[in-house]
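Here you get one chain, nothing else, as structure tokens; it is the form predicted alone.
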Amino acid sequence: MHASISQQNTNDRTAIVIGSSMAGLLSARVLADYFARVVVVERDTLPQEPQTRTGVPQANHVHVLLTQGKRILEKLFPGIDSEIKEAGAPKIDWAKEYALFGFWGWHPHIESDLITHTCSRAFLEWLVHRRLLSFDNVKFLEKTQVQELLSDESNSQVKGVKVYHLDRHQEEELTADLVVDASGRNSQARNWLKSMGYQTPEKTEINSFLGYSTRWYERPQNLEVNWQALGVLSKPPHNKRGGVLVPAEGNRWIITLGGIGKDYPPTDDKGFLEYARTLRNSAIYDLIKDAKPISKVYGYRRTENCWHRYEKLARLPDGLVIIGDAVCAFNPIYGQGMTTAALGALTLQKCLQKQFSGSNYTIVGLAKKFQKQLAQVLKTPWLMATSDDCRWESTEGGKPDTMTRFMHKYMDEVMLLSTRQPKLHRTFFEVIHMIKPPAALFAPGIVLGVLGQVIRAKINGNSRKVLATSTEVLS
């Protein structure tokens, strides 16, 4: 069994985590260093082998742990990347081996340190869960639903949760010093706070009405290509359809097709292939039309960006923190979810370290400090996701202002320039993988390159042509 590295400082305290999402699992890992007991309450039965479960309906679709997320995961679970590799998950250098057909054609290939192993969401969650089972102070309470929070008489301190055991049909009260709500988009934290006499937080929702469908394929034998993954982007304002091919363990491909503005891809065999054929580039269709499907077609539609602004509340009860999609959920098309969950867990770790420094073991004040610091972490991925979603006329909940429209035009120019400059392509992906801030794309050399490109376009009649539409670049 794995003993917590700070077990001597836990002061016999208990933490409860609601939900075994990636945010919940990573939070449990962090809490194990500061609490004598960590109880993860999960509504589902957690699988003994890598497989999807009811509580993660999106698990069959493409999931990518970005480079920043991979590095955090390795810090929390040393050696886990090697375990992913040993399971047969393919290694990808994202700047070199991800064939991207962007707004202006195929992007170049350049070596980078943006290297991860791609695998299924089910396998990654199963592996993290298995690693947590080796901690002697972490317990999983499965088939159990949290019904409400327990609090003191003044409702100023959360004292635990009231649960219902679905298998035994029994209620039980579990006491805790800290409750972490990682229950995802269906979180009841807003309602629980309201019932305790607190204001409900402001909610910002921006919905581009993306829908996507996914099918798994067997990777064709003897296929020789210079890439590992492939993406064809949609292009505002009219080309609403896009797709991505990502390899997974077991010599499999995961193909996800998506459409903006309710241009949803079908979930039948023929319709899925026909939709792939209509993308801006035929590369994905050409690869899968004769490939062997090994699953049905899965659909998913709940993709709106939604941020509950808990950090803005004047009052919060002590003993409760809210994390992951329960606070802020992103449009999944941008692949930020799991990495942002990892950043949230890292933020919780930093807050706990500061909170429990020296001989201070109180959790008073932790809730507000954490939610404010988490909000700072969320600003960048939120801006990246919602800014792009606001490119579409059909998007509801937010419209681009003058600055946002300028940013859209600037980023269009950056993407065009990156098709000609491999180093810029690498920088662009370093931003996407949350290794560098978006400000990196405003470095003087890049700004000058964009200005020169715009001037030349004006001289040449403002023409903007897609550089390549064939699949020859993929050979």
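Residue numbers here begin at 1 and follow the sequence given. All of these numbers come straight from a predicted model, not from anything done at the bench.
Keep in mind the form predicted together with a small molecule is missing from the figure; the text below concerns it.
Segment that reaches the small molecule in the predicted bound form - one of 367-375, 325-333, 267-275, 284-292, heavy atoms within 4.5 Å: It is 325-333 that comes within 4.5 Å of the partner.
Residue 56, heavy atom within 4.5 angstroms of the small molecule in the predicted bound form: Yes, contact at 4.5 Å.
Non-hydrogen atom contact residue 61 with the small molecule in the predicted bound form at 4.5 angstroms: Judged by the heavy-atom cut-off of 4.5 Å, residue 61 is in contact with the small molecule in the predicted bound form.
Residue contact check: residue 339 to the small molecule in the predicted bound form, 4.5 Å heavy atom: Yes, contact at 4.5 Å.
Contact test in the predicted bound form: residue 351 vs the small molecule, heavy atoms, 4.5 Å: Judged by the heavy-atom cut-off of 4.5 Å, residue 351 is well away from the small molecule in the predicted bound form.
In the predicted bound form, the residue from 398, 236, 88, 184 that sits within 4.5 Å of the small molecule by heavy atoms: The option sitting close enough to the partner is 184.
229, 297, 146, 176 - the one with a heavy atom within 4.5 Å of the small molecule in the predicted bound form: It is 146 that has a heavy atom within 4.5 Å of the partner.
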